[in-house]
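Only one chain comes next, encoded as structure tokens, the form predicted alone.
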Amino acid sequence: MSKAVLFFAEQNNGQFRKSAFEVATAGRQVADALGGELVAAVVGDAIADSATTLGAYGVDKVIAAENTDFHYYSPEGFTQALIDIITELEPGVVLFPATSLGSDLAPRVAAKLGVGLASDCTELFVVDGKLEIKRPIYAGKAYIRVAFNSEPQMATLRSNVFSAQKQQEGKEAAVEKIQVNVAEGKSKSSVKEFRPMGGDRIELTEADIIVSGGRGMREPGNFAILEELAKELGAAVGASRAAVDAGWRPHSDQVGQTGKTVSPNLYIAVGISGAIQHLAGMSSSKYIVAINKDPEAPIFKKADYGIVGDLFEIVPALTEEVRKLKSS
């Protein structure tokens, strides 16, 4: 087995996502255990110069696939770029972030290569020179440890589980540029424009703190009190499936089995009963605070801290206390 570890470093307009640094840190640990090098695969338009900064996170080399067609995510184009890089490098391990983009791209690459893929991994191990992973199953109620029968061994890593750690401040990684040519007519779509929802709002999977609301919010206008608390905490705002199905929040805000999987340092569940589908998307949060008027709500069994009471009194009071602490 090749000892090289390759990871996909996700970026947006030349700025690397938090997930890129998390996967780099995890990849460095695997590469050290295997005694190999860590290589970053970067795909985009004119991104080679900024890619050198990945060296601070232990990256030995960057392979940058540049193409003006890669300014926005192109499923076929990015897949071809990764296939070209993997064919050239022949790594033993390939890692992706379990972000929306990574979770779309990784299965495409695995299918093209005809290899297995372990998704949403929370731990990585190297046993007898081979990779093993741990991942949740049964909506997060249990974990399974998985080994690979194919190579390269491919996995997506859950966001906010692997802490990003710089190895050497200011170190620059060597960059090798490659050209990827996607055959004309092969691409089934072409992205002309990208408009992020919510403007400058913090993306759920990147947030360290999340304030989520459920059916207990009663109506869409009441999410304003969660927005206020989130603003003071520097947090993102999420929602349960019930709130999204009711049309109170967009699907991009949904946390849960059919929404986004998040692992923030602090998750505040407001008016959320704690259905298993919701718990599957946030149960790996470091600290969980539940606010609910029903003392028997299942969310309290998962929460580290619970407040039983009227959320319309508790949340504004909590927001005011946060303001006082910030101003003191």
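The numbering used is simple: start at 1 and walk along the sequence shown. Everything numeric in this text was worked out from a predicted model, so none of it was measured. For the two forms, the rigid core is made up of the largest set of C-alpha atoms that agree within 1.5 Å on superposition.
The same protein has a further form, the form predicted together with a small molecule, not shown here; the description that follows concerns it.
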Within 4.5 Å of the small molecule in the predicted complex by heavy atoms, the stretch out of 253 to 261, 109 to 117, 145 to 153, 82 to 90 is 253 to 261
request  = Kindly confirm or deny that 240, 294 and 312 each have some heavy atom within 4.5 angstroms of the small molecule in the predicted complex.
outcome  = yes
Note: exactly one of 140, 102, 216, 77 sits with a heavy atom within 4.5 Å of the small molecule in the predicted complex, namely 216
Residue 274: heavy atom within 4.5 Å of the small molecule in the predicted complex? yes
- Establish whether a shift of 2 Å or more occurs at the C-alpha of residue 53 between the shown form and the other one, with the two forms superposed on the rigid core. no
Comparing between the shown form and the other one on the rigid core: C-alpha of residue 44 shifted by 2 Å or more? no
> For residue 165, is the CA shift between the shown form and the other one at least 2 Å following rigid-core superposition?
Replying inline: no
